[in-house]
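Below sits a lone chain in structure tokens, taken as the form predicted on its own.
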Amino acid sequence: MLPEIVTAIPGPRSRDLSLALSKYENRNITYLASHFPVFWEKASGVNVWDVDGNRFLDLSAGFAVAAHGHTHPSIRAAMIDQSAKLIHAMGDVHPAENKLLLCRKLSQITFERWGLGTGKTTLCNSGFEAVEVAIKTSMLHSGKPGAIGFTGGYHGSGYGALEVIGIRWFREPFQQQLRDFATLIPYPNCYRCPFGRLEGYRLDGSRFPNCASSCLTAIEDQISQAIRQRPIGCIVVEPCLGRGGEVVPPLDFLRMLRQLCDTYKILLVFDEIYTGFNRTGALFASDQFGVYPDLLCLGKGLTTGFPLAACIGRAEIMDAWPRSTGEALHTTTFLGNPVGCAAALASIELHLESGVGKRVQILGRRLRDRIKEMALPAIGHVRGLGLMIGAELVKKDGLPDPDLALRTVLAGLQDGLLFLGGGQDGNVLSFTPPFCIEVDEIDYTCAKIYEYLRFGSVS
């Protein structure tokens, strides 16, 4: 269903709730202003209703989480059934059976499917925790504390994750408390070359030189230098940048990382919290590139809505963790929550249905093509895989235009469209809709964005 707006946005109830929230919540958490946010009341499929009765079209899937759509019937049924029997178990002491079922399923759809043997899992509550499990695993496996991350990479806000994060403003306020065991390397971005070798290119690609080889050589040299300077145990990378602006790297980038890790006996960690579970049009972005990690971090689409994440690794690597003698070195009270495991198992079954990835590819191509067809000077670049699309907004001189991106997001909200700004400079319109979005909803969204950008001021 297309948006239906019946009040001013935000509506009176949302404004009242914002005022109340401002008194009780850490003021750094929720952006509260006269024009933002709306408070959600219910959601179904690709639609969200706020507390004032307005219906929105969700182009974000709630941070790329609701892959199968909000409140999917089979996932909801699995959670209701499980909650009627057992809501909480002692996950690292007396677990529920479905913790085993989920760990086994994760092995089957990752390392076993890739022909790399059994995968062993640490279940987590959030994505950043999965990344920190991977970093800890690296330390236990090799004894080498160092890690390599990439500019633009987003891995969550825990202290371990902040070490490898590549978006500076998440990291800088806490810099004095960080140990600095990580080295950041430029992530290849053909539109905004980190080595200054090109100025960008038009949407038809006519100014885009074939410079991937020299770019990757420069990145390889920096990684090799970092390895010589400090003991590196792992490389942590998003196969495609998510929050960093939906940047798709050159085809050989991940292959180069795999080769370097094999050469130097370093673990390759893929953070697929964002890209995993058909978001890119394949079950995992690893499948898109034909490159497979030693450790894999998953979340978001894993459950389609329940807080649960996982770090899965090849058994021989995960066995670097000592066998439990009654205390786990990494654990949480809610580890392997039965309701979360039930949601994950139901969500995975939907991900494995025939045609899901193909549908995501077709719809993603439609969304990219419609944005490219606008051919507006404010749109510098459109990119992405599957249903993770980024449209970079620029000024006349080609510099990032975060103000225009913010105005566009706010204009969309007024018309019942939910999407976000992203990228390191905040100038990328990010679209990660549920997979159940329809063509007419995509076309409606693009028509509205065309209006905003055509009549919006471009600096």
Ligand SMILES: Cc1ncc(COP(=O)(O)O)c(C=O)c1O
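Residue positions are given as counts along the sequence shown, with the first one as 1. Small disclaimer: the values here were computed from a predicted structure and weren't measured.
FYI, the form predicted in complex with the ligand isn't displayed, but the following is about it.
Of the candidate stretches 249-257, 278-286, 339-347, 265-273, only 265-273 contains residues with a heavy atom within 4.5 Å of the ligand in the predicted bound form.
Residue G156 is the only one of P188, G380, G156, G166 with a heavy atom lying within 4.5 Å of the ligand in the predicted bound form.
Residue R243 is the only one of R314, H351, H141, R243 with a heavy atom lying within 4.5 Å of the ligand in the predicted bound form. Contact check for S126: a heavy atom falls within 4.5 Å of the ligand in the predicted bound form. The ligand is not drawn, but in the predicted bound form it has no heavy atom within 4.5 Å of H72. Of the heavy atoms in E238, some are within 4.5 Å of the ligand in the predicted bound form.
None of the heavy atoms of R368 is located within 4.5 Å of the ligand in the predicted bound form. Annotation for 292-306: the only interface residue with the ligand in the predicted bound form is K300 [heavy atom within 4.5 Å].
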